[in-house]
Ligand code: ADP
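What follows is one chain in structure tokens, specifically the form predicted on its own.
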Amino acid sequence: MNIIEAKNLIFSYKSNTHEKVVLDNLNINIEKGSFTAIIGHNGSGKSTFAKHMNAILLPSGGSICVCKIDSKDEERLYELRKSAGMVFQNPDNQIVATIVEEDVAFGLENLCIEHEEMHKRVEEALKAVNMYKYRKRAPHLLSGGQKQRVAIAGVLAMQPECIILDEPTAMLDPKGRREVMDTILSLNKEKNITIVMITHYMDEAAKADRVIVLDKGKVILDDTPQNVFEKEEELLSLGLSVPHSTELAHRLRKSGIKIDRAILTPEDCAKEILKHKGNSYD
């Protein structure tokens, strides 16, 4: 079952002198419960597409439906945004309260959720992102990764079917990125929440079920991480890279070492290298 369906989706910016097409007849379906990563160089249209999934932007042509709701249906806009929560790059732009649990409750207050139900949802959401022990803490005292997990909890408390994350780790250090990625994977695998993540970190994209590569508003590649990142030369021509472990595996193969082609993580790479320990190569 598809939770998101983009059909011939077009988006353009118009001025008095010219028109810039950002999304060019996109056709993308995203299955319920999946984890999809969308990558592309700056200006490829990936963030613009993300904003269409939450109806922040509306199509210039074609359509996009979330949970069978057309984004152009103004009467169902609230319903659509409740189904598809959005997490942005900078968590400070989403945190509005002075206490963590109050911030997570903010969206629920706008929904007029009863106090008992609100308390339950806030507790569950904070526990889901491993931030419950910080519930009484002031957000400005948290690290970047912790703030982003609070932002995710605020969306999670709304009980969306899908969470769209627009470069959620871009402003974080390596530790913060790991914290957020662990949270994202947990929500997808354990709670079956559909995840669509825009990222420029190839190692993050490699953890998804599916990778979509955009360029000039068009889909260039759409496959499993293994199959996408095998196309190293094509990705390089698009201004992209591959995960560090995949790049190392490619170099080892070029040197004559028979490394498995499905290398995406450091763990996989280490295991493959150990297989060849003690072998000599000319």
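Just so we're clear, the structure is a prediction, and the values are computed from it rather than from any experiment. One rule holds for the numbers: they count along the sequence shown, beginning at 1.
What follows is about the form predicted in complex with the ligand, which we do not show.
Chemist: Is there any non-hydrogen atom of Lys258 lying within 4.5 Å of the ligand in the predicted complex?
Modeler: Heavy-atom contact with the ligand at 4.5 Å: absent for Lys258.
Chemist: May I ask you to check whether Gly45 falls inside a 4.5 Å heavy atom distance of the ligand in the predicted complex?
Modeler: Flag for Gly45 set to yes.
Chemist: When the contact criterion is heavy atoms within 4.5 Å, does Ile10 count as touching the ligand in the predicted complex?
Modeler: Residue-level check for Ile10: no, no contact with the ligand.
Chemist: State yes or no: in the predicted complex, is some non-hydrogen atom of Arg251 no more than 4.5 angstroms from a non-hydrogen atom of the ligand?
Modeler: Judged by the heavy-atom cut-off of 4.5 Å, Arg251 is well away from the ligand in the predicted complex.
Chemist: Given the stretches 220-228, 35-43, 236-244, 58-66, which is the single one in contact with the ligand in the predicted complex, using a heavy atom cutoff of 4.5 Å?
Modeler: Of the stretches listed, the one contacting the partner is 35-43.
Chemist: From first to last in sequence, which residues of 1-34 have any non-hydrogen atom within 4.5 angstroms of the ligand in the predicted complex?
Modeler: Tyr13, Lys20, Val22, in sequence order.
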